[in-house]
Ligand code: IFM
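Only one chain comes next, encoded as structure tokens, the form predicted on its own.
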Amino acid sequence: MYLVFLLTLLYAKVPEFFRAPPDFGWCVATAAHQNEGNNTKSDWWDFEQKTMKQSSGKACDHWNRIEEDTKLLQDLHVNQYRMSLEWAKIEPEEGKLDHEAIEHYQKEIALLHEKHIEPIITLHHFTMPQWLRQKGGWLWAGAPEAFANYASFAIKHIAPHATTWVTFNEPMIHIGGGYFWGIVPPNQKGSIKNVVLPLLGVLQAHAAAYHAMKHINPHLRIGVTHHMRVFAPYASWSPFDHIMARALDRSFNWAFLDALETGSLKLHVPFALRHQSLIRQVQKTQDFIGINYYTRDFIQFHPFTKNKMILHTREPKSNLGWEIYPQGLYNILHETHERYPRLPILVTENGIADQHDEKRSEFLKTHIVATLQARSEGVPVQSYCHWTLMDNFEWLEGFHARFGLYAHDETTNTRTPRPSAKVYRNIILKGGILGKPFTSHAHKLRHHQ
């Protein structure tokens, strides 16, 4: 028994203090449609009225409370704020600008600069103007030029002093949800092959915007944020589970990123899709990689049955049933750096649906340890953005899923700090965190867990 005790002490992971560098970006992330309210000229507003039981409505009424919400950012002591612009508010009709909306965003961004909070600005966070959707969205041949014009206008007239820009948020979720699962605009459920053309349209729009923005200011940092998941085989003995887990990892996690580096989009899903396209203007059109990380999925694959693929998860879970797996963030940060060593990395979203704030504090601690440990091991992680500032309209989940550091009451619009907000604030003020380190290079073993 004594020998076992000694061995346990010998191999136990001793907590370490992981310190962030002085220029590290402490951040929270939001999206305009989810917070501002009354985005009435967007495709998502139209979708809500026709198909959803709950509409975003006034959302968090952030549109009328930018001073109050900027004070919340100051109270957290963040030095970055990832936000988005609403194209549908800026250009509610094709070619017609809303100058009141433009002045509103100018005021908000100026306020952030005044308070020494750097804005990280997303141009497209799942929503688009109804007029663009009616023309076919990313399938319309004119979409890349229209998006580039919008991006150029934003740089020149809305946020000329902002240096870090995101063209698209989670393109694989955006396109998969709209053209494969058919659960979000434009609600076109079909085979996996349906995603190819709109995905190419997004790549072309990104490239057009990237080159136009760089022409205006070559010193801008421009990238895309990617929803990254850990895919693992459900049964370690099943070759089918291993094959599909690897295929999903390759196509969902890395295909879009690879295209931005090489100019070639390669998609391969066994028994469903094999595609390769060359888009030369897309090559080397990212200055950083934005990672949105939440969870891990276990893949069960039966190629010869009707329900070919089933997703499983494990405890502990969030209110949405997503596994809490901070090792996955550590793994993905390492693998991203190995695949794209020239590029810095921003953690642009990481959070948990936790209505009673029972798990969020520990979630924050372990995922920040994962981030700062990877940084200490040579991964160039420059920011950590927690999702999200306050409870908001979480797309298909409506107001049910509670991701906020601040609780939001939809009736009174009051914002109340949760205990986890104080935890995050204290980590920022200390400039780091004490925690148990993760297993080094575990990402290489990811598919065998």
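Everything numeric in this text was worked out from a predicted model, so none of it was measured. Just count from 1 along the sequence shown to find any residue number.
Just so it is clear, the following notes concern the form predicted together with the named molecule, a form of the same protein that is not shown.
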Although the partner isn't part of this model, could you tell me whether residue 337 comes within 4.5 Å of the named molecule in the model of the complex, counting any heavy atom of the residue?
no
In the model of the complex, is there a heavy atom of the named molecule that lies within 4.5 Å of any heavy atom of residue 42, even though the partner is absent here?
no
Check residue 406 for me: does it contact the named molecule in the model of the complex (non-hydrogen atoms, 4.5 angstroms)?
no
Report yes if any heavy atom of residue 394 sits within 4.5 Å of a heavy atom of the named molecule in the model of the complex; otherwise report no.
yes
Find the only residue in 331, 169, 371, 127 having a heavy atom within 4.5 Å of the named molecule in the model of the complex.
169
Heavy atom within 4.5 Å of the named molecule in the model of the complex, from candidates 138, 294, 179, 256, belongs to 294
Counting only heavy atoms and a 4.5 Å cutoff, which of 378-386, 409-417, 394-402, 51-59 contacts the named molecule in the model of the complex?
394-402
Please tell me whether the candidate spot formed by 34, 322 and 349 is one where all three residues come within 4.5 Å of the named molecule in the model of the complex (heavy atoms).
yes
Neighbours of the named molecule in the model of the complex among 72-97 [non-hydrogen atom within 4.5 angstroms]:
none
